[in-house]
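Below, in structure tokens: the form predicted on its own, a single chain.
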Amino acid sequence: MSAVQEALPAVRSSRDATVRRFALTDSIFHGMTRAAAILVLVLLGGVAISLVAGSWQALSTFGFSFLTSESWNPVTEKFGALAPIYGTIITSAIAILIAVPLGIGIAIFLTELCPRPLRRPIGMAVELLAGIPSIIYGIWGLFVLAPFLQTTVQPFIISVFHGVPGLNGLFAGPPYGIGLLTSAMILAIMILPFITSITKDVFDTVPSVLKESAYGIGCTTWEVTRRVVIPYTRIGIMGGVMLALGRALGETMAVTFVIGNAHRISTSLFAPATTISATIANEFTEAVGDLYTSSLVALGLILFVITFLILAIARYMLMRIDARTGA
């Protein structure tokens, strides 16, 4: 008994040391994770402050007209962001309209219809598209896609919609090959892997019992997909779409090759145009004068705000979906 009593202090001391070591380790881990979270906020705030400071000269010189003017003339130092904003929004919107149905369709095929031996090769082939550098997409678009559209697709579409009210202006003008539609198609190909991969992953999270129950009562594959799979995973699908939209808004090199880099607004999807990122990439190294440089930085600030607003709207939509489903 005395030996046990003599050993108790040593056991208590060892236990206290272990507890203190765990507490210290936990405290260090907590501090490091908090510092990492704060660092992200500091970096985001630093980027925003630097953009505001760099664009202040242009914003104070042109005021609100910087957002509403189409003019972009470095010689007379008259700058307006309307044409790049228009090109950025239109190309990204068209790319999303093309890529979302294709991406969701591919994900449905891979998870519900594709023979099992082919699922992995096809899935890997789609995901490999995300690893191709954007400049390769731009070169392919300029030397392959644009000439094909110029000689075949665009003349056919122009002839079909000629004289059709509302659509003749949308598909009017000479077939340049490059332009809004071409850049949107390149963007759609680039963001397709993101939508497909994320949608496929969230489709795989659907419990088998839900799908088997639906099949058990006589539902077809389409009905199971529409009534069970997509409603169960719509938050994940929305997240994938927003990630792809963020990629489309900020894409630079591929769009620069095929959009035409023209600072004007046209109702025709075949007309050359420009985007915010393409304008910055094309002109920043050649910008002479503080006002010119400040105007380019102001374009970056606008792109920053557009991306932030889109992500905030997406977050709000997800919260509404959670509230409706009672999650």
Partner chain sequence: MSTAASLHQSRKRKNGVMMTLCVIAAGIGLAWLALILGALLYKGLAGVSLSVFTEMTPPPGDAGGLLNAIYGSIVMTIIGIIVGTPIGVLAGTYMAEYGRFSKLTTVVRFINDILLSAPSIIIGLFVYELMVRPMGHFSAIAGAVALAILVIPVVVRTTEDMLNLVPNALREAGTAIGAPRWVVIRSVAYRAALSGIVTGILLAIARISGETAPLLFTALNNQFWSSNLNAPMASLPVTIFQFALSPYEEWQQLAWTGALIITLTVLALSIFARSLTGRREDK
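Residue numbers count along the first chain shown, from 1. Rigid core here is just the name for the largest C-alpha set that superposes within 1.5 Å across the two forms. None of these values were measured; they are calculated from a predicted model.
The following text describes the form predicted together with the partner chain, which does not appear among the structures shown.
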| item | value |
| --- | --- |
| 97, 89, 113, 167 - the one with a heavy atom within 4.5 Å of the partner chain in the model of the complex | 113 |
| Of 74, 174, 207, 133, the one that lies within 4.5 Å of the partner chain in the model of the complex (heavy atoms) | 133 |
| Site test, 66, 236 and 265 vs the partner chain in the model of the complex, non-hydrogen atom cutoff 4.5 Å | no |
| The partner chain contact at residue 280 in the model of the complex, heavy atom, 4.5 Å | yes |
| In the model of the complex, residue 216 touching the partner chain (heavy atom, 4.5 Å) | no |
| In the model of the complex, residue 51 touching the partner chain (heavy atom, 4.5 Å) | yes |
| Heavy atom of residue 155 within 4.5 Å of the partner chain in the model of the complex | no |
| Location of the partner chain contact in the model of the complex, chosen stretch of 228-236, 76-84, 97-105, 159-167 [non-hydrogen atom, 4.5 Å] | 97-105 |
| Residues in 17-56 with any heavy atom within 4.5 Å of the partner chain in the model of the complex | 22, 25, 26, 29, 30, 32, 33, 34, 36, 37, 38, 39, 40, 41, 43, 44, 46, 47, 50, 51, 54 |
| C-alpha of residue 284 moved at least 2 Å between the shown form and the other one on rigid core | no |
| Core-aligned C-alpha movement of residue 267 between the shown form and the other one, 2 Å or more | no |
